[in-house]
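Next up is one chain by itself, shown in C-alpha coordinates, the form predicted alone.
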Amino acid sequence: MPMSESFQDRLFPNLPRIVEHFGTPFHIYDEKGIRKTLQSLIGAFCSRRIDFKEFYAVKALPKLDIMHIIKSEDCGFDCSSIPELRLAYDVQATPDDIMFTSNNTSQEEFKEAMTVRCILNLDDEIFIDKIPGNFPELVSFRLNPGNRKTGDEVNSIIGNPVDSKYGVPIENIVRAYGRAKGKGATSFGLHTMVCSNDLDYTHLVSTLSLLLEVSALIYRELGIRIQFVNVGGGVGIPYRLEDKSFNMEGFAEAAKILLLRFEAFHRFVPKLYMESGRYVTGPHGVLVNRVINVYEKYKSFVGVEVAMPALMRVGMYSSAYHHCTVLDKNFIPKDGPTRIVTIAGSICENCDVLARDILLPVVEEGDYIITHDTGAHGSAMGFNYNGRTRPQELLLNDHSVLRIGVAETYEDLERHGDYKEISLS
(Lines give C-alpha, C1' and ligand atoms only; values in the text may rest on other atoms or scores of the structure.)
Protein backbone atom coordinates (compact mmCIF):
# COMPACT_ATOMS: atom_id res chain seq x y z
CA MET A 1 0.00 0.00 0.00
CA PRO A 2 1.19 3.58 -0.27
CA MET A 3 3.37 4.68 2.61
CA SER A 4 1.44 6.32 5.43
CA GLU A 5 0.72 10.03 5.19
CA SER A 6 2.76 10.53 8.35
CA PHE A 7 5.80 8.77 6.86
CA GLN A 8 5.45 10.64 3.57
CA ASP A 9 4.99 14.03 5.24
CA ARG A 10 8.17 13.52 7.25
CA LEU A 11 10.24 12.00 4.45
CA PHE A 12 9.46 13.82 1.20
CA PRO A 13 10.29 17.38 2.35
CA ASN A 14 13.62 16.12 3.69
CA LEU A 15 14.57 13.95 0.70
CA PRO A 16 16.70 16.66 -0.99
CA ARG A 17 18.96 16.89 2.08
CA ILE A 18 18.98 13.12 2.59
CA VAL A 19 19.92 12.39 -1.03
CA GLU A 20 22.54 15.15 -1.05
CA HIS A 21 24.15 13.69 2.09
CA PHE A 22 23.83 9.93 1.51
CA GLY A 23 23.36 9.62 -2.25
CA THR A 24 21.12 6.98 -3.82
CA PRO A 25 19.92 4.25 -3.85
CA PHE A 26 18.81 3.42 -0.30
CA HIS A 27 16.16 1.78 1.80
CA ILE A 28 14.81 4.07 4.51
CA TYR A 29 12.77 2.82 7.48
CA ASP A 30 10.35 4.76 9.68
CA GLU A 31 10.92 4.23 13.41
CA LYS A 32 7.71 6.03 14.35
CA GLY A 33 5.62 3.78 12.11
CA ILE A 34 7.23 0.58 13.43
CA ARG A 35 6.53 1.60 17.03
CA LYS A 36 2.93 2.54 16.25
CA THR A 37 2.27 -0.83 14.58
CA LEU A 38 3.77 -2.78 17.49
CA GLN A 39 1.80 -0.82 20.05
CA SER A 40 -1.42 -1.39 18.10
CA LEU A 41 -0.66 -5.10 17.67
CA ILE A 42 0.07 -5.73 21.32
CA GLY A 43 -2.79 -3.50 22.44
CA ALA A 44 -5.34 -5.52 20.45
CA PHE A 45 -4.67 -8.56 22.66
CA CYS A 46 -3.77 -6.93 25.98
CA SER A 47 -6.98 -4.86 25.93
CA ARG A 48 -8.84 -8.19 25.86
CA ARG A 49 -6.75 -9.58 28.73
CA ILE A 50 -5.10 -12.20 26.56
CA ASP A 51 -1.66 -13.31 27.77
CA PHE A 52 0.09 -12.40 24.50
CA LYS A 53 3.61 -11.96 23.19
CA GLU A 54 4.97 -10.99 19.78
CA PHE A 55 8.20 -12.69 18.67
CA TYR A 56 9.40 -10.56 15.75
CA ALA A 57 10.55 -12.67 12.78
CA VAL A 58 14.16 -11.52 12.49
CA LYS A 59 14.42 -12.78 8.91
CA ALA A 60 12.18 -9.93 7.77
CA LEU A 61 14.70 -7.16 8.58
CA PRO A 62 17.78 -8.38 10.49
CA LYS A 63 19.24 -5.04 11.56
CA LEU A 64 20.43 -4.32 15.10
CA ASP A 65 18.97 -0.82 15.20
CA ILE A 66 15.56 -2.14 14.15
CA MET A 67 15.75 -4.93 16.73
CA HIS A 68 16.60 -2.44 19.49
CA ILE A 69 13.37 -0.61 18.62
CA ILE A 70 11.37 -3.84 18.68
CA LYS A 71 12.86 -5.02 21.98
CA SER A 72 12.06 -1.66 23.57
CA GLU A 73 8.39 -2.36 22.79
CA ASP A 74 8.55 -5.56 24.93
CA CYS A 75 8.73 -8.02 22.04
CA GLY A 76 10.77 -11.17 21.61
CA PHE A 77 12.44 -12.57 18.51
CA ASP A 78 11.77 -15.52 16.22
CA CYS A 79 15.12 -16.83 14.98
CA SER A 80 16.01 -19.57 12.51
CA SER A 81 19.82 -19.44 12.22
CA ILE A 82 22.97 -18.78 14.22
CA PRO A 83 23.38 -15.19 12.93
CA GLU A 84 19.77 -14.42 13.88
CA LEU A 85 20.34 -15.86 17.36
CA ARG A 86 23.44 -13.70 17.77
CA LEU A 87 21.58 -10.61 16.65
CA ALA A 88 18.94 -11.33 19.30
CA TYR A 89 21.34 -11.64 22.18
CA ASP A 90 23.38 -8.70 20.88
CA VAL A 91 20.32 -6.57 21.74
CA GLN A 92 20.22 -8.23 25.20
CA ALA A 93 17.18 -10.41 24.55
CA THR A 94 16.62 -12.85 27.43
CA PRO A 95 16.22 -16.61 26.87
CA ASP A 96 12.43 -16.26 27.22
CA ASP A 97 12.54 -13.59 24.49
CA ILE A 98 14.06 -15.87 21.86
CA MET A 99 12.21 -18.60 19.96
CA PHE A 100 14.50 -20.77 17.84
CA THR A 101 12.50 -22.36 15.01
CA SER A 102 14.89 -23.92 12.56
CA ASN A 103 14.51 -26.72 10.06
CA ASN A 104 17.04 -29.26 8.80
CA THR A 105 18.93 -28.12 11.89
CA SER A 106 22.65 -28.77 12.30
CA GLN A 107 24.46 -29.69 15.50
CA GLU A 108 26.22 -26.33 15.42
CA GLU A 109 22.86 -24.55 15.43
CA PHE A 110 21.57 -26.63 18.32
CA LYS A 111 24.75 -25.98 20.32
CA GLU A 112 24.35 -22.24 19.76
CA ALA A 113 20.67 -22.35 20.76
CA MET A 114 21.46 -24.35 23.90
CA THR A 115 24.19 -21.87 24.80
CA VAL A 116 21.67 -19.03 24.55
CA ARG A 117 19.15 -21.23 26.46
CA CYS A 118 16.32 -19.96 24.27
CA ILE A 119 12.98 -21.65 23.58
CA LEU A 120 13.56 -24.59 21.22
CA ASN A 121 10.80 -25.11 18.67
CA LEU A 122 11.58 -28.47 17.05
CA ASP A 123 10.69 -29.11 13.44
CA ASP A 124 10.85 -32.90 13.47
CA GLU A 125 10.88 -35.88 15.84
CA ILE A 126 14.44 -36.79 14.86
CA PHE A 127 15.73 -33.72 16.68
CA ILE A 128 14.57 -35.08 20.05
CA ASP A 129 17.65 -37.33 20.01
CA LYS A 130 19.98 -34.76 18.45
CA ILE A 131 19.86 -32.01 21.06
CA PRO A 132 23.33 -31.85 22.65
CA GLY A 133 23.75 -31.96 26.42
CA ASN A 134 20.88 -31.93 28.86
CA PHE A 135 17.44 -31.98 27.30
CA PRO A 136 15.69 -28.61 27.82
CA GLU A 137 12.92 -28.29 30.40
CA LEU A 138 10.82 -26.24 27.94
CA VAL A 139 10.36 -27.48 24.39
CA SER A 140 7.94 -26.79 21.57
CA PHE A 141 7.11 -28.59 18.35
CA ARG A 142 6.12 -27.18 14.98
CA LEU A 143 2.96 -28.90 13.76
CA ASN A 144 2.34 -29.84 10.13
CA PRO A 145 -1.46 -30.10 9.85
CA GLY A 146 -1.34 -32.21 6.69
CA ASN A 147 -4.76 -32.25 5.09
CA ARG A 148 -6.47 -30.73 8.12
CA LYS A 149 -8.23 -27.51 7.11
CA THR A 150 -6.58 -24.40 8.59
CA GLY A 151 -7.99 -21.68 6.36
CA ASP A 152 -5.65 -20.79 3.50
CA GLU A 153 -4.15 -24.29 3.45
CA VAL A 154 -2.75 -23.99 -0.09
CA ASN A 155 -0.92 -20.71 0.34
CA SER A 156 0.83 -19.41 -2.77
CA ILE A 157 4.12 -18.88 -0.92
CA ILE A 158 4.29 -21.64 1.69
CA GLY A 159 2.32 -24.15 -0.38
CA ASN A 160 0.27 -27.17 0.62
CA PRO A 161 1.26 -28.59 4.05
CA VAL A 162 1.42 -32.17 2.73
CA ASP A 163 4.17 -31.06 0.33
CA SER A 164 5.99 -29.00 2.94
CA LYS A 165 9.35 -29.68 4.58
CA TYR A 166 8.11 -28.04 7.78
CA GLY A 167 6.76 -29.55 10.97
CA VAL A 168 5.80 -32.79 12.70
CA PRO A 169 2.93 -34.54 10.86
CA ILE A 170 -0.27 -34.22 12.87
CA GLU A 171 -0.65 -37.99 13.25
CA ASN A 172 2.75 -38.14 15.02
CA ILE A 173 2.41 -35.10 17.25
CA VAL A 174 1.24 -36.87 20.43
CA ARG A 175 4.10 -39.35 20.16
CA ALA A 176 6.58 -36.48 19.80
CA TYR A 177 5.42 -34.88 23.04
CA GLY A 178 5.49 -38.21 24.83
CA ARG A 179 9.09 -38.76 23.76
CA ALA A 180 10.10 -35.26 24.82
CA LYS A 181 8.45 -35.79 28.20
CA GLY A 182 10.39 -39.03 28.57
CA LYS A 183 13.60 -37.08 27.92
CA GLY A 184 12.89 -34.80 30.86
CA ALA A 185 10.95 -31.87 29.39
CA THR A 186 8.41 -30.44 31.85
CA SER A 187 6.98 -27.45 29.96
CA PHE A 188 5.67 -27.45 26.40
CA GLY A 189 4.59 -25.17 23.57
CA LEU A 190 2.87 -25.83 20.24
CA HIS A 191 3.51 -23.95 16.99
CA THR A 192 2.42 -23.96 13.38
CA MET A 193 2.64 -21.67 10.37
CA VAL A 194 0.65 -22.50 7.27
CA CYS A 195 0.32 -19.20 5.43
CA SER A 196 2.30 -16.20 4.27
CA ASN A 197 1.16 -12.66 3.45
CA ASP A 198 -2.44 -13.59 4.29
CA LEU A 199 -4.95 -10.74 4.64
CA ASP A 200 -7.94 -12.84 5.77
CA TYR A 201 -7.94 -12.96 9.57
CA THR A 202 -10.39 -15.88 9.63
CA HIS A 203 -7.62 -18.12 8.30
CA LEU A 204 -5.57 -17.35 11.41
CA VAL A 205 -8.64 -18.01 13.55
CA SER A 206 -8.82 -21.47 11.96
CA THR A 207 -5.14 -22.00 12.72
CA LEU A 208 -5.61 -21.08 16.37
CA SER A 209 -8.66 -23.34 16.60
CA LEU A 210 -6.61 -26.27 15.32
CA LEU A 211 -3.74 -25.57 17.74
CA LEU A 212 -6.19 -25.54 20.66
CA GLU A 213 -7.80 -28.76 19.42
CA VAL A 214 -4.38 -30.46 19.29
CA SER A 215 -3.51 -29.00 22.71
CA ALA A 216 -6.64 -30.62 24.11
CA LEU A 217 -5.69 -33.94 22.50
CA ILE A 218 -2.18 -33.82 24.01
CA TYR A 219 -3.70 -33.05 27.42
CA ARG A 220 -6.12 -35.98 27.20
CA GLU A 221 -3.50 -38.44 25.98
CA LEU A 222 -0.47 -37.40 28.02
CA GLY A 223 -1.68 -35.06 30.77
CA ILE A 224 0.55 -32.33 29.30
CA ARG A 225 -0.72 -28.77 29.63
CA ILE A 226 0.51 -26.76 26.68
CA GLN A 227 2.03 -23.55 28.04
CA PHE A 228 1.74 -21.54 24.84
CA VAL A 229 0.36 -21.83 21.32
CA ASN A 230 2.18 -19.94 18.58
CA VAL A 231 0.09 -19.24 15.47
CA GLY A 232 3.23 -18.26 13.55
CA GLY A 233 3.54 -15.27 11.29
CA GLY A 234 2.06 -15.01 7.85
CA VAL A 235 0.01 -11.89 8.52
CA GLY A 236 0.01 -9.90 5.31
CA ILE A 237 0.08 -6.22 4.39
CA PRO A 238 -1.94 -4.58 1.61
CA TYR A 239 0.68 -4.19 -1.12
CA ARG A 240 -1.96 -3.25 -3.69
CA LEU A 241 -4.15 -0.16 -3.48
CA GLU A 242 -7.29 -2.29 -3.57
CA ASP A 243 -6.16 -4.67 -0.79
CA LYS A 244 -7.79 -4.45 2.63
CA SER A 245 -5.65 -4.44 5.76
CA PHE A 246 -5.50 -7.50 8.02
CA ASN A 247 -8.16 -7.15 10.72
CA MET A 248 -6.02 -7.63 13.84
CA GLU A 249 -8.82 -6.47 16.14
CA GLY A 250 -11.10 -9.07 14.57
CA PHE A 251 -8.52 -11.81 15.11
CA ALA A 252 -7.92 -10.73 18.71
CA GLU A 253 -11.65 -10.82 19.48
CA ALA A 254 -12.04 -14.28 17.93
CA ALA A 255 -8.94 -15.47 19.81
CA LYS A 256 -10.42 -14.27 23.09
CA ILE A 257 -13.58 -16.33 22.51
CA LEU A 258 -11.59 -19.46 21.57
CA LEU A 259 -9.25 -19.15 24.56
CA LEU A 260 -12.10 -18.56 27.03
CA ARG A 261 -13.94 -21.58 25.66
CA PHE A 262 -10.81 -23.72 25.98
CA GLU A 263 -10.29 -22.56 29.58
CA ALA A 264 -13.88 -23.37 30.49
CA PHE A 265 -13.49 -26.96 29.29
CA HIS A 266 -9.94 -27.70 30.45
CA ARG A 267 -9.34 -25.40 33.46
CA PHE A 268 -6.15 -24.02 31.99
CA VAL A 269 -5.38 -21.79 29.02
CA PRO A 270 -2.20 -21.44 26.94
CA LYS A 271 -0.52 -18.11 26.29
CA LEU A 272 -0.86 -16.80 22.75
CA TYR A 273 2.27 -16.09 20.73
CA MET A 274 2.74 -14.66 17.23
CA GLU A 275 5.88 -14.16 15.13
CA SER A 276 4.97 -11.41 12.73
CA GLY A 277 7.73 -9.86 10.63
CA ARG A 278 6.25 -8.37 7.47
CA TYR A 279 3.28 -6.95 9.42
CA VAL A 280 5.59 -5.07 11.82
CA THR A 281 8.19 -3.51 9.52
CA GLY A 282 6.98 -4.10 5.95
CA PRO A 283 4.86 -0.95 5.46
CA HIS A 284 7.48 1.23 7.15
CA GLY A 285 10.23 1.06 4.56
CA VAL A 286 10.69 2.42 1.05
CA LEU A 287 13.41 2.04 -1.57
CA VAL A 288 14.61 5.30 -3.14
CA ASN A 289 16.10 4.87 -6.63
CA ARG A 290 17.28 7.30 -9.28
CA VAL A 291 16.15 6.74 -12.87
CA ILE A 292 19.22 6.27 -15.07
CA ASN A 293 17.64 5.15 -18.37
CA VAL A 294 14.25 5.25 -20.10
CA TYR A 295 14.03 3.06 -23.19
CA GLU A 296 11.66 1.30 -25.58
CA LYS A 297 11.67 -2.29 -26.82
CA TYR A 298 8.46 -4.27 -27.31
CA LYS A 299 7.39 -2.50 -24.13
CA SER A 300 8.54 0.56 -22.19
CA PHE A 301 11.26 0.23 -19.57
CA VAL A 302 12.43 2.50 -16.76
CA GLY A 303 15.97 1.62 -15.72
CA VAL A 304 16.92 2.33 -12.09
CA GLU A 305 20.13 2.02 -10.09
CA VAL A 306 19.18 -1.19 -8.29
CA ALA A 307 16.38 -3.75 -8.43
CA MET A 308 16.72 -7.39 -7.29
CA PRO A 309 19.86 -6.91 -5.14
CA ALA A 310 17.66 -4.62 -3.03
CA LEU A 311 14.24 -6.28 -3.45
CA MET A 312 13.81 -9.82 -4.75
CA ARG A 313 10.09 -10.30 -4.16
CA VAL A 314 8.79 -9.23 -7.58
CA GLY A 315 11.38 -11.35 -9.36
CA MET A 316 10.84 -14.36 -7.08
CA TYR A 317 7.04 -14.46 -6.78
CA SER A 318 4.83 -14.08 -9.84
CA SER A 319 2.04 -12.57 -7.72
CA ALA A 320 4.24 -10.05 -5.89
CA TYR A 321 3.58 -6.34 -6.34
CA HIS A 322 5.00 -3.15 -4.84
CA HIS A 323 3.34 0.22 -5.31
CA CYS A 324 5.63 2.87 -6.81
CA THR A 325 5.66 6.67 -6.77
CA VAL A 326 7.53 8.94 -9.19
CA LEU A 327 9.21 12.11 -7.93
CA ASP A 328 10.71 14.63 -10.34
CA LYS A 329 14.25 15.98 -10.10
CA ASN A 330 13.06 18.44 -7.45
CA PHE A 331 11.49 15.61 -5.39
CA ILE A 332 7.93 16.69 -6.20
CA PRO A 333 5.44 13.82 -6.81
CA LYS A 334 4.63 13.62 -10.51
CA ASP A 335 1.14 13.79 -11.95
CA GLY A 336 -0.29 14.18 -15.44
CA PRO A 337 -0.11 11.81 -18.43
CA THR A 338 0.58 8.17 -17.63
CA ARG A 339 2.00 5.16 -19.43
CA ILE A 340 2.56 1.47 -18.68
CA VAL A 341 6.20 0.67 -17.88
CA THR A 342 8.36 -2.03 -16.35
CA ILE A 343 10.90 -0.85 -13.77
CA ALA A 344 14.12 -2.81 -14.30
CA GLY A 345 17.61 -3.12 -12.89
CA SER A 346 20.91 -4.19 -14.45
CA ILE A 347 21.16 -7.90 -13.54
CA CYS A 348 21.56 -10.40 -16.40
CA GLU A 349 18.19 -11.95 -15.60
CA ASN A 350 14.86 -10.94 -17.13
CA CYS A 351 13.23 -11.16 -13.69
CA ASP A 352 15.40 -8.30 -12.39
CA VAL A 353 12.47 -5.92 -11.97
CA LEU A 354 10.79 -3.88 -9.24
CA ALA A 355 7.45 -3.66 -11.09
CA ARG A 356 5.97 -5.25 -14.20
CA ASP A 357 3.62 -3.35 -16.51
CA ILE A 358 2.74 -0.71 -13.94
CA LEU A 359 0.86 2.49 -14.78
CA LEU A 360 2.97 5.54 -13.85
CA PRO A 361 3.22 9.22 -14.77
CA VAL A 362 5.65 9.75 -17.63
CA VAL A 363 9.16 9.13 -16.28
CA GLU A 364 12.35 10.92 -17.33
CA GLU A 365 16.00 10.29 -16.60
CA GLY A 366 16.97 11.90 -13.31
CA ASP A 367 13.56 11.33 -11.73
CA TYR A 368 13.25 9.23 -8.58
CA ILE A 369 11.24 6.03 -8.08
CA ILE A 370 9.93 5.37 -4.57
CA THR A 371 9.12 1.67 -4.13
CA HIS A 372 6.80 1.15 -1.17
CA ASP A 373 6.56 -1.60 1.46
CA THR A 374 10.23 -2.62 1.41
CA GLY A 375 10.58 -2.79 5.19
CA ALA A 376 10.46 -6.60 5.20
CA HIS A 377 12.06 -9.23 2.95
CA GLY A 378 13.82 -6.51 0.97
CA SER A 379 17.45 -6.01 1.95
CA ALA A 380 17.41 -9.32 3.84
CA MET A 381 16.82 -11.27 0.62
CA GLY A 382 19.29 -9.29 -1.46
CA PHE A 383 22.15 -10.94 -3.34
CA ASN A 384 25.25 -10.20 -5.42
CA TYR A 385 24.76 -11.81 -8.81
CA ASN A 386 26.81 -10.07 -11.53
CA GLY A 387 28.82 -8.55 -8.69
CA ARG A 388 26.00 -6.08 -8.09
CA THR A 389 25.91 -4.75 -4.54
CA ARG A 390 23.15 -4.12 -2.04
CA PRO A 391 22.34 -0.50 -1.22
CA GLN A 392 22.67 1.38 2.05
CA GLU A 393 19.92 1.44 4.67
CA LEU A 394 18.74 4.47 6.63
CA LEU A 395 16.52 4.98 9.67
CA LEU A 396 14.22 7.99 9.97
CA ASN A 397 13.22 9.25 13.39
CA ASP A 398 11.74 12.50 14.61
CA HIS A 399 15.02 14.38 14.68
CA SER A 400 17.49 12.77 12.32
CA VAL A 401 18.32 10.18 9.69
CA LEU A 402 20.82 7.51 10.71
CA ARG A 403 22.65 5.19 8.36
CA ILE A 404 22.20 1.70 9.84
CA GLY A 405 23.61 -0.28 6.91
CA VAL A 406 26.41 0.84 4.60
CA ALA A 407 26.26 0.20 0.86
CA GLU A 408 28.28 -2.82 -0.21
CA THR A 409 31.38 -2.25 -2.29
CA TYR A 410 33.60 -4.36 -4.52
CA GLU A 411 35.95 -4.75 -1.55
CA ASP A 412 33.12 -6.45 0.39
CA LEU A 413 32.62 -8.94 -2.43
CA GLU A 414 36.35 -9.57 -2.66
CA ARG A 415 36.54 -10.53 1.02
CA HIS A 416 35.43 -14.15 0.50
CA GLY A 417 38.53 -16.32 0.78
CA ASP A 418 41.29 -16.48 3.39
CA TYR A 419 43.54 -18.44 1.02
CA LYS A 420 44.10 -21.41 3.30
CA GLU A 421 45.83 -24.20 1.47
CA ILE A 422 46.64 -27.88 1.94
CA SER A 423 49.08 -29.94 -0.03
CA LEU A 424 47.66 -32.89 -1.99
CA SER A 425 51.07 -34.41 -2.73
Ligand SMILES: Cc1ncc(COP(=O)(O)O)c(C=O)c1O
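Everything numeric in this text was worked out from a predicted model, so none of it was measured. Residues carry their position along the shown sequence, with the first being 1.
Not pictured, yet referred to below: the form predicted together with the ligand.
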Among 276-284, 108-116, 290-298, 219-227, the region lying within 4.5 Å of the ligand in the model of the complex by heavy atom distance:
276-284
In the model of the complex, does residue 144 come within 4.5 Å of the ligand, counting heavy atoms only?
no
Is there any non-hydrogen atom of residue 193 lying within 4.5 Å of the ligand in the model of the complex?
yes
Residue 235: touches the ligand in the model of the complex, heavy atom cutoff 4.5 angstroms
yes
Quick one: does residue 28 come within 4.5 Å of the ligand in the model of the complex, counting heavy atoms only?
no
The ligand isn't shown here, but in the model of the complex which of 53, 372, 59, 388 has a heavy atom within 4.5 Å of it?
59
78, 101 and 377 all contacting the ligand in the model of the complex, non-hydrogen atom within 4.5 Å
yes
